Every structure is written in structure tokens, then in C-alpha cells.
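Quick heads-up: it's one chain on its own, the form predicted alone, in C-alpha cells.
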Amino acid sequence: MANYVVIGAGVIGVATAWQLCKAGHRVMLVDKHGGPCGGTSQRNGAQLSYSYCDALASPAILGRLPSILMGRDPAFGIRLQADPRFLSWGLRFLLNCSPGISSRNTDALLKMAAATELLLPNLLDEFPLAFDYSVPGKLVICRDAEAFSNAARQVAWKQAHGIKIERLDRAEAERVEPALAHYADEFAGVVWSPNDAVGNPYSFCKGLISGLEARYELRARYDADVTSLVKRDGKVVGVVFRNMETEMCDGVVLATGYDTRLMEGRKFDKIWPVQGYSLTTPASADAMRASITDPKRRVVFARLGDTVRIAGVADIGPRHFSFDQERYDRFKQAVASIFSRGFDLNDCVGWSEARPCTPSSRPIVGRSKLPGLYLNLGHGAFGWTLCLGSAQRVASVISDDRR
């Protein structure tokens, strides 16, 4: 039995703690916030999109780049930065937009998502968590006949990979999800994936941490500000805190999203924050049951019990960002232009955070260049969908290193 410190108590860190506890290790889970899910995981889009975790860098976004740079795209925003790390990240992002590379990246993400889908029932057998979990399926809007036709190739490719997915015309889509009858715009059809799920990541993390504390004696510590790593003979053997005693250990896992301060000095510029917004509002009787994604506006809808979680926007800009009321208001206006029924936008809680994105959309999972330090970072918009799969992978690497 070994001792590990997991830094970051969002869905990635909590899932990693579960896998390490199951492997028989003693685990200390720490976070700089006052509780779990204080960052990106707190109020994300809530969709477990096993069938639709396509890489952000793609030929499609490359085609939208001129309108994005001119500020005319409703979903994306770019504020160019005179920062070498930003320029390096942006160049590599563009290189990942080629069709072949984008397809390989998407394939890797789908495999990791499939691992999460397989692991979640095992986790729920061990810990019967209450987190508004359901499997209502997911509908991705195809705005016109061209988009509906173009979706056929991607659907066939995913079907060949064993994913249950199909195209439905508008009439068929409305039979699956009657709320689409109130969708404001014309659309040709949808891509329907019936096995996609939803769940509240904040409730998931709180419940799982409680279960791990009771069953595996997990130690969870919050308001824990890590300042540096302890190294001995070139290996990480501990964590130094600003406000707690140093914790010695056999290894450390970084699950800190876009916060890579502990990696500074090693030119760690592979992750950049991409800011998004969400709102949560009570659901009315005619709110959607299935998840819905509008790719043009980059807005997603997920029904969580008696609420609707709506998330969207991808703004690439400063590393140090803040809540932009004007941008949030435009996001709300975009939501209002899609649905006028199902929820009340005058009664909602707004929120903003940033997704930790790599140029390829693939997370960085496994060993670092520093022995004893492991990485589980950079999951972009798919942290909730990939969390168990990436946790299993990093735990497997740690087990291999201990043999």
C-alpha cells in the first residue's frame, strides 16, 4: 500500500481518488477551494456525451475561423494575446484541425468516453449516489439539409466504432423529444444517441467523496493551497502547502484543470483556458427530457431533476479571465432565441469558468517527466464524460510503475 496525494477535487480528481483507493492505496485529496467542485466541474453542461465528444480542433471550426476572428460567431470568441504560450497553443490547435488528425483525436476521446460509460455502473453498484443521473439520450441539431447530409458520414463512422447513433428527421425528432416542437428555428433533423446520459457533477463528487471517506478512509482537505512539490533524488515525494503541514507521499497526481503553476519552469504550455458560461433554472412541465445540443450557437441543454442546466460559449483569450456580464447576457439572449418555453430565464443562476483545453482536445494523462508526478489534465469540455476513463488510465500507469 502506497500513499498518494491527488491535487484537485473536481470530477477528474475525485474519479482518480476512487481508482487509487480501489487499487489499495492511501489517498489524500486536496483542493484550493472551500469544497469539492469549486472550479470547472461545479456547474458544467452536465451531459455525459459518450457518443459526441468530438475534438474541438476540426475542419468545421477552421471554416468558421474568419467569422470568429471578426467577432461575428455567436458561439466562439478569440482575443489574441501577445503571450508566447498562447501563440504556441494556437498554432498547434490549427495543426490539429486537419481532417486526419481531427478524426484520430476524436477516436481517442470516444474510446476514453466508452471506458467511463463501462465504469459508471460499477461505481454506482459500490456507491449508490444521488446526483440527478438519468439516461435520456442526446439530440444534436442539424440546422439545414446540408448539415443533415454531412452528418451522415460522421454517424456512419461512429456506428462502425460500435456507437449506437442515428439520424432522425424533424418529425421523428419531435416524437423522441416533444419539446423540439417549440424550437424556434427551422432544422432539417438531428443526430440521436439514445445511450447518452446526464448527471450533476457537483452532487456526484460530494457523494463519492463521502463514500470514499467511509469505505477507504480517504482524507479530503479543502482550502489547501499547494505552493510546491518536495523532490528527493529527482523524484516527487511530497507536497508543500501554504497553510498546512507538508505531506510526504509516494507520488502526486495533478488534476488541476488549466492551473499548471506547479509545472512552471518546464515550459508547460499545452493547456489553455477556454471560458464558457452556464445557467441553471427551474424546469416547467414542458421542458425537454432528452439532452439537446445546438452546434451553431454552441449551446447545450440538460434536464437535471426539476431543473434545466444550459451551458455554452467558447471564448479563447487571457489566461486570467473574469465573468463578463455582457457576454453572459448575450449567451442568455441566444438561449432565449432557441426556446421560449420550458424554463424561466428570469429565474436562473449564472456561472462562468474555463475549460482546460489542449490543442488536440486529448487530455494529458499519465507520467510527467518528473518521476513520482502524474498528470490528469486538459479534458476541455469533456471532463465529466471522460473522468472515469482517464482516472482508470492514470491509475493503471501508477500500478505499472509500482511493479
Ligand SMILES: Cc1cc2nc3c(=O)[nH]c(=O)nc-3n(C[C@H](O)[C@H](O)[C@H](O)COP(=O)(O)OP(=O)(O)OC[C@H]3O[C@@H](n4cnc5c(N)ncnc54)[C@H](O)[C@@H]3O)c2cc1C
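Keep in mind it's a predicted model, so treat the numbers as computed, not measured. When you see a residue number, it is the position in the sequence shown, counting from 1.
In what follows, reference is made to the form predicted together with the ligand, a form of this protein that is not presented.
Contact check for residue 381: a heavy atom falls within 4.5 Å of the ligand in the model of the complex. Put simply, residue 353 is close to the ligand in the model of the complex: some heavy atom of it is within 4.5 Å.
In the model of the complex, no heavy atom of residue 324 sits within 4.5 Å of the ligand. Interface membership of residue 54, defined by any non-hydrogen atom within 4.5 Å of the ligand in the model of the complex, is ruled out. Heavy atoms within 4.5 Å of the ligand in the model of the complex belong, among the stretches 271-279, 167-175, 124-132, 186-194, to residues of 271-279. For the residues 259, 247, 315, 73, the 4.5 Å heavy atom test against the ligand in the model of the complex is passed only by 259.
Taking 311, 263, 113, 212 one by one, only a single residue has any non-hydrogen atom within 4.5 Å of the ligand in the model of the complex, and it is 311. Contact residues in stretch 29-58 (any heavy atom within 4.5 Å of the ligand, taken in the model of the complex) are 30, 31, 32, 33, 38, 39, 40, 41, 44, 45, 46, 47.
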